[in-house]
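What follows is one chain in structure tokens, specifically the form predicted on its own.
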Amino acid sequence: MKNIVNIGGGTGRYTVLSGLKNIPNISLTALVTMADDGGSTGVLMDELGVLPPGDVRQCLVALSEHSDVVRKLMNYRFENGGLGGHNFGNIFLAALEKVTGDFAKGVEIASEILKVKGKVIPITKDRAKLSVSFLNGKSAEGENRIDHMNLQKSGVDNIFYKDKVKLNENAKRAILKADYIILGPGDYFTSIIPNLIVNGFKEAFKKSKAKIILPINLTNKKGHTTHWKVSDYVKFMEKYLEKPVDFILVNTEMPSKEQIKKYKIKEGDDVLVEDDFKDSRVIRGSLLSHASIVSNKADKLADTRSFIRHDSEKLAECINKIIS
């Protein structure tokens, strides 16, 4: 039995976890950022004082072995009325936190109800307000705000939390027990790095003997990673980890012309990540999904979500070859 830990946040998590849960003889744990503060999640945080449920919900649904109806229920988004824009699963998790008095405990109960294959663990139990300081001396707060900023224009000096954000003990144990740790895929500045800068993470990570798997993003994010190549992603990640990654997964398949055209409307030119990295750690293959992504009109963040995505089965097959 291999212990596999996936670290990240955002929609990329759903893809990787959906495939990983079908790999036999593994114990799977998803560690989830608590920095999210946009959309339905942000409203619930402000109005109810709960921790962000959005990314956790996506992980629970991805790993759930319950019926399709139950999984669709958790992702159902209200279109009208006072609940317009809210996701049922987010409200469900917020209610569980209120009932138990502990968000992490609520997630455990939700995992039992949803028949989750594996564990979903918040990276911290603390309120985590993401902040960024720029080379020009200015700064900004809030994951959602940072996500929509042009970080490259001002130049990022540091990404940090203003308040003390401590690593969840259950997350620490998962890192120390892991045989393999998969980082991403997802937005680096707002989905992956927020996990790595939690107090205690780097210390636990350095003690871990796990092999590190890094699936390289399929596309660059405008204002965050514009013009980045595979080598840039690897260099950036290793800077934060303070240790080298062991396996680098790179897609070799081109998206359709229609996918690229739609993506350019949102992200501009330099859409795809150029493969410039000659290294024995690189594993190349067809990892692209050709499924059409249909946005929910009630989703206020729908236009910001990626629709060039990894294929969950292809990605899982590639990872399975590594761990086998």
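In this text, all values refer to a predicted model and were calculated from it rather than measured experimentally. One-based numbering along the sequence shown.
There is also a form predicted together with a further copy of the same chain; it is not shown, and the following applies to it.
Visitor: Is Lys172 close enough to touch a further copy of the same chain in the model of the complex, meaning at least one heavy atom pair within 4.5 Å?
Guide: Because no heavy atom of Lys172 falls inside 4.5 Å of a further copy of the same chain in the model of the complex, the answer is no.
Visitor: Check Arg284 for me: does it contact a further copy of the same chain in the model of the complex (non-hydrogen atoms, 4.5 angstroms)?
Guide: Outside the cut-off, so no.
Visitor: Is there any non-hydrogen atom of Ile109 lying within 4.5 Å of a further copy of the same chain in the model of the complex?
Guide: Taking the distances in the model of the complex, the answer for Ile109 is yes, it comes within 4.5 Å of a further copy of the same chain.
Visitor: Is it the case that Val99, even though its partner is missing from this view, gets within 4.5 Å of a further copy of the same chain in the model of the complex, heavy atoms only?
Guide: Yes, contact at 4.5 Å.
Visitor: Phe134, Tyr180, Phe92, Tyr240: which sits within 4.5 Å of a further copy of the same chain in the model of the complex by any heavy atom?
Guide: None of the other options qualify; the answer is Phe92.
Visitor: Pick from Ala104, Leu196, Leu73, Met149: which residue has any heavy atom within 4.5 angstroms of a further copy of the same chain in the model of the complex?
Guide: Selected residue: Leu73.
Visitor: Among 273-281, 257-265, 22-30, 43-51, mark the stretch whose residues have heavy atoms within 4.5 Å of a further copy of the same chain in the model of the complex.
Guide: In short, 43-51.
Visitor: Using a 4.5 Å heavy atom cutoff, which residues in 52-86 contact a further copy of the same chain in the model of the complex? It's fine if the answer is none.
Guide: Stretch hits, in order: His66, Val69, Val70, Lys72, Leu73, Tyr76, Phe78, Asn80, Gly81, Gly82, Leu83, His86.
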